[in-house]
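Quick setup: one chain, the form predicted on its own, written in structure tokens, and binding and motion questions come after.
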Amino acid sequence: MVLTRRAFLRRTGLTAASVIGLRQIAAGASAKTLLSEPSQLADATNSLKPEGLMAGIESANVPLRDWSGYTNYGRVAEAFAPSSDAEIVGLVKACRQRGQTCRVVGLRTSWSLYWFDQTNDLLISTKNLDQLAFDTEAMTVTCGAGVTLETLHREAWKRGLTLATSPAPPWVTVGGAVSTGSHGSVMAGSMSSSLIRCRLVNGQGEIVDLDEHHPDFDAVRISLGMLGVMTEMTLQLQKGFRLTLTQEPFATQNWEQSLFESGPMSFLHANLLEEPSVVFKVDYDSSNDENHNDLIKGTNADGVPFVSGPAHLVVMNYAPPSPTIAGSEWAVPLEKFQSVLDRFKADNQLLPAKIWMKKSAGESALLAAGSDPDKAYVQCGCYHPVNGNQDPKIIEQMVKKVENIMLNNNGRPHFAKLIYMNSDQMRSLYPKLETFQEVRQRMDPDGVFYTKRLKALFG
């Protein structure tokens, strides 16, 4: 059975694909709010009376905090929760008439609310965009942006299908995973690389259908909502398969061999200050009984504990003991990554003693973390504990220091994690950013989806 959001958080962990640790922050906890800022988001949204183009659209309460608890505005805003393209068109046109910015809200799985404005955003929740349909012959799924991975995985497996790669937490929405370039631990691109068709409502309130042959499609694949509201996506699936996960120690200096020769989805928890590190080997289950729905736990012939089962359950049920954390994640070309490790070892002040390392391939999206489909990349996650009495400046300083190291080694950030770069750095990092901006300006000439914070980062 796929873990629910609550059950998953209780495990205080993460998973093979996303490799981060979480804990559920109880409502009404006495811990201090971290990185809190004055915000008028709730006031701005609540002041919008549902009249005219917005009449009759359902509303939803949206807590203004991220999943880690690091960024918390301490408020609940009222968002609109449309259930059709027509309702979204009405909202977008209303924003355009009022000169107001608009942001789409999934389940706030991103680590930072950086993408929101602080004063004037109208929030659109994807909770009612939950349609789901499969074409088993073509091995595709067409779904709304608000469908969760838990639902998609479960329904795909019933039909003998699965995603080639996906982020781990089961409550992540498909729209959020695609728009931020979220990924798994497989030697492939992000989940956005599985996107083959989509429909969106652009900044002019127009409904636009695109497929992988459309000249703007690589701008749409990873767009952080800057091009419009993605209402429907078609993803390419593949035949369902089972995986087996084992955990073994390895010498940190052998990181490349351990990462790239330990199965198609393996990842590392590398200890930079002492030995040993840990490799989590994720390989195809030799029995490969795709009809078996349960996880099986045991010990292999070498006495190593293992867990095997449907691919999505294995990667969503690995849960290392870990505190709630916040930080950044970067994709670095394989040939540059030893230089990153050398920098971490030479100057470990403020830097984490342990980092997560996963492998991935480049893809064609204009804002992809790995830009060359023919190259291998190391996804490196750098995290710091988040506690009630933890000075958030320590996390900010750590992330900025990591950014400097990664930028000097041709690294690119994962947009769902913390980012402090400026627009000049972004332009130097993404040569195709100008092309992306041309597409954005055509789809959203009035900047309905281009908040002040997005503008500050992307220029």
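Please read these numbers as outputs of a predicted model, since none were measured by experiment. In this text, residue numbers run from 1 along the sequence as written.
Another form, the form predicted together with a small molecule, is not on view; read the next lines as being about it.
Of the candidate stretches 299-307, 207-215, 99-107, 132-140, only 99-107 has residues whose heavy atoms lie within 4.5 Å of the small molecule in the predicted complex. For residue 177, a non-hydrogen atom is located within 4.5 Å of the small molecule in the predicted complex, even though that partner is not displayed. Using a 4.5 Å cutoff between non-hydrogen atoms, residue 115 counts as a contact of the small molecule in the predicted complex.
Of the heavy atoms in residue 224, some are within 4.5 Å of the small molecule in the predicted complex. In the predicted complex, residue 277 stays away from the small molecule, with no heavy atom inside 4.5 Å.
Checking 241, 344, 255, 171 for any heavy atom within 4.5 Å of the small molecule in the predicted complex turns up a single hit: 171. Only one of 327, 228, 82, 90 lies close to the small molecule in the predicted complex, with a heavy atom inside 4.5 Å, and it is 228. Although the small molecule is omitted here, in the predicted complex none of 219, 436 and 451 has a heavy atom within 4.5 Å of it.
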